[in-house]
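Next up: a single chain in structure tokens, the form predicted alone.
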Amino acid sequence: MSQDKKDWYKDAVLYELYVRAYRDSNGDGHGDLLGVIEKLDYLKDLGVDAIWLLPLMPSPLKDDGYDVADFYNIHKDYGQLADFKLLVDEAHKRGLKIIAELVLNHTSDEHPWFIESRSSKDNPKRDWYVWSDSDKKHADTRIIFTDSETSNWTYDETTGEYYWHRFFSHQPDLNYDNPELRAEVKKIVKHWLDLGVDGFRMDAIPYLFEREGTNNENIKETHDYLKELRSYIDEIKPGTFLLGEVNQWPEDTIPYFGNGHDEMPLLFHFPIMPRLYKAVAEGKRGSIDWIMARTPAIPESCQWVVFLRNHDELTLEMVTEEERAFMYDHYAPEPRMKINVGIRRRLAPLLGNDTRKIKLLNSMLMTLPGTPIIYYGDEIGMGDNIWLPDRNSVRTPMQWNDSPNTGFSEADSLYAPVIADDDFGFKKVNVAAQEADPDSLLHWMRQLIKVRKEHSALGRGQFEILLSENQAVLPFLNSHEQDVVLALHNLSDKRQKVNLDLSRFAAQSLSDCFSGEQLATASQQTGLELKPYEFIWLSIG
């Protein structure tokens, strides 16, 4: 893959990495930046191209770093700015790119800006946050963290007014109507670009502005500012990777691409994710057909980003009430598995540790339109700990080997316990064991990523879901220039036969992308058979 292209991200595979959980280099029980450097060769061997680092900045860690207390430095547990620069340099030596987290919407209530802002009504920083003498404003705005917050306003006794927050009450929202604040955000962006980052994952961008009479999501002023910020970034470092977190329906997400060159080049496709799980649970393709039909075309220069799991709950915000009930019933039978409007479990436990299903979903991830993200540990089938609070259930130490503390740390006490149960415990599930087993999930994931990169159609191709009478089989067709890949997925626990109209490719061979074996010849009625939960990638030509 050529990474000197401005749109290198179209061919890329991303890896989401929680620094605290990855590798502790100094024995204090917390992962750190120097520990990540120790594992860069592992990531290079996995085949990923870019590493998205979860929040690194100083923070009281009430929300795992999304409550930022200083936008210009590194949390002491993770190291220093010099360590970060070294990580960037070492990653670049290996052809890996570094994506940093940029929390735009809010700060910690312990940030010096907010301490000043709440100190008096006439403080110069007062207008850097959103204040009101009433908690009745913006009544049409939904509450996001339904398990912990009853209002988007919190009363502050110091000045007798309320401050606005879309997330936790300890995360006051910044006021983007203030020009000084907007200018400061640009300084922050330049600071990290000067340190060498290749881009940003931009957190919670639909909520930057507030306007009475709206639901305060996706409003014009937010788009205007993102265009302003994109223009500024393009002046400093053209081609910077910018991934926007917009957990919305496709029609509300699309505007964040702008005209293709003036807003976000990449956006998550949130609504497809839960429907992948639903389709496998039901054994039929209807939910995926429905959401992809509802997904409009995007500018050619832009890209969706797709994922199976991440550091947050498996969000069920962008599903119907009926779909949400189904997902809870099937994937979260115990109350502790739920949080907010979602499910706090990892990929392998969600799928009952069924390797067939794990591979099937990863195949769909790699053949859907967009750039795929792998969440750390999912490449070895790590488990979760639903007895930990909040979303920490899926943020446990990376399992490197079967030694005490699983090779993550030499400390006596860790930031979180390692997983030690019978099914997913580190004695059984770890990198070293899977390195030694050629049939392991890790080796299979490496091969999956390798084969994906051999086909420009997967990432750059025109995507199409083919019609078939058999609703248990889901065929994805990706075409780019002379490269055409047909990926078929059996969503059911039974052997399935499918007939596809491939007359447009008449007489061309269908060869297995992994083995090279010719399996069939394209025709008007091309018949194929799949085992339970099997997938096949076919190169046409």
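When you see a residue number, it is the position in the sequence shown, counting from 1. Note that the structure is a prediction, hence the values are computed from the model and not measured.
Heads up, the form predicted in complex with a small molecule isn't pictured, but that's what we're talking about next.
Visitor: With a cut-off of 4.5 Å between heavy atoms, is residue 326 one of the residues that contacts the small molecule in the predicted complex?
Guide: Residue 326 lies outside the contact set for the small molecule.
Visitor: Just to confirm, residue 111 within 4.5 Å of the small molecule in the predicted complex by heavy atoms?
Guide: Contact with the small molecule, no.
Visitor: Does residue 483 make contact with the small molecule in the predicted complex, using a 4.5 Å heavy atom cut-off?
Guide: No, residue 483 stays farther than 4.5 Å from the small molecule in the predicted complex.
Visitor: Does any heavy atom of residue 312 come within 4.5 Å of a heavy atom of the small molecule in the predicted complex?
Guide: Yes, contact at 4.5 Å.
Visitor: Heavy atom within 4.5 Å of the small molecule in the predicted complex: which of 225, 145, 304, 192 fits that? Just give me the one.
Guide: Looking at 225, 145, 304, 192 one by one, just 145 meets the 4.5 Å heavy-atom criterion.
Visitor: Can you work out which of 217, 90, 282, 245 has a heavy atom no more than 4.5 Å from the small molecule in the predicted complex?
Guide: That would be 245.
Visitor: Determine which one of 471-479, 509-517, 491-499, 59-67 lies within 4.5 Å of the small molecule in the predicted complex, judging by heavy atom distances; exactly one does.
Guide: Going by heavy atoms within 4.5 Å, the stretch is 59-67.
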